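For reference, the chain that follows is the form predicted alone, supplied as structure tokens.
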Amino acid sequence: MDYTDSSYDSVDSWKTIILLYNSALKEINTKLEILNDEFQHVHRYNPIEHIKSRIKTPESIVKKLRQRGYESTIENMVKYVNDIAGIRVICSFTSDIYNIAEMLANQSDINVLSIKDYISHPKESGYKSYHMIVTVPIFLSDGCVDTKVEIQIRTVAMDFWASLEHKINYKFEGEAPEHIKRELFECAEMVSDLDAKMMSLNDEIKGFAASESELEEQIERQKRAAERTLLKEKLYGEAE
């Protein structure tokens, strides 16, 4: 099935396209929830704080197409707008971002089209996040359609900053006063420092937990050894 052909420019095809994008969001959401559950099972903690998903509004899609010089057709929408279906994954720590991205990329039915690592290479504004454009197969009654989804993965602190930046840009229509831009950039640096300190603290806590676990295992081994020794002494004593 191919929904990029201009012959599909109709109300019915628009509804079908939205069905595909909504289905793609459900697929990715389910995959993320399963990965989060698996992480809890294996590592005893959840890397994902929460997940947000949305479908871009028709007005936003048309605006984006016009900005890029394209006509407002379904064919152009599917071909040139990569973030119609969007998922935002909010994590506890920076290391979780890369773990989740790697686990998603390793899924056999997910095809990674592009990656933008704004954590290693932040935007000039200070914006940080990890962006992936992927496709996931959606199986309908008459065939399969690979459907695009944009995935943004960031920490709680990064998400708070990005939310504030978005509100400021909306308020000033992208032309915020210079002093506000400077202060926003300074806040971005504070967010980076906070994320680094929180991850360092978490690593230290995990180190203590590992030491306690090793101590408990050592005590348990010593206990079992003592029980075996007592059992042998009892058996040999009875034999004599």
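Note that residue numbering begins at 1 and tracks the sequence as displayed. Everything numeric in this text was worked out from a predicted model, so none of it was measured.
There is another form of the same protein, the form predicted together with a small molecule; it is not shown, and what comes next is about it.
Enquirer: Should Lys31 be counted as a contact of the small molecule in the model of the complex, where contact means heavy atoms within 4.5 Å?
Expert: No, Lys31 sits far enough from the small molecule in the model of the complex that none of its heavy atoms falls within 4.5 Å.
Enquirer: Can any non-hydrogen atom of Asn76 be found within 4.5 angstroms of the small molecule in the model of the complex?
Expert: Because no heavy atom of Asn76 falls inside 4.5 Å of the small molecule in the model of the complex, the answer is no.
Enquirer: So, Thr147 and the small molecule: in the model of the complex, are they within 4.5 Å at any heavy atom pair?
Expert: No.
Enquirer: Can you tell me whether Arg68 touches the small molecule? I mean in the model of the complex, with a 4.5 angstroms heavy atom cut-off.
Expert: Output for Arg68 is yes: heavy atoms within 4.5 Å of the small molecule.
Enquirer: When the small molecule is placed as it is in the model of the complex, are Lys56, Asp83 and Ala162 each within 4.5 Å of it, taking any non-hydrogen atom of the residue?
Expert: Yes: each residue has a heavy atom within 4.5 Å of the partner.
Enquirer: Only one of Thr135, Gln107, Ser125, Asn99 has a non-hydrogen atom within 4.5 angstroms of the small molecule in the model of the complex; which is it?
Expert: Result of the distance check: Ser125.
Enquirer: When the small molecule is placed as it is in the model of the complex, which of 175-183, 42-50, 60-68, 190-198 ends up with heavy atoms within 4.5 Å of it?
Expert: So the stretch in question is 60-68.
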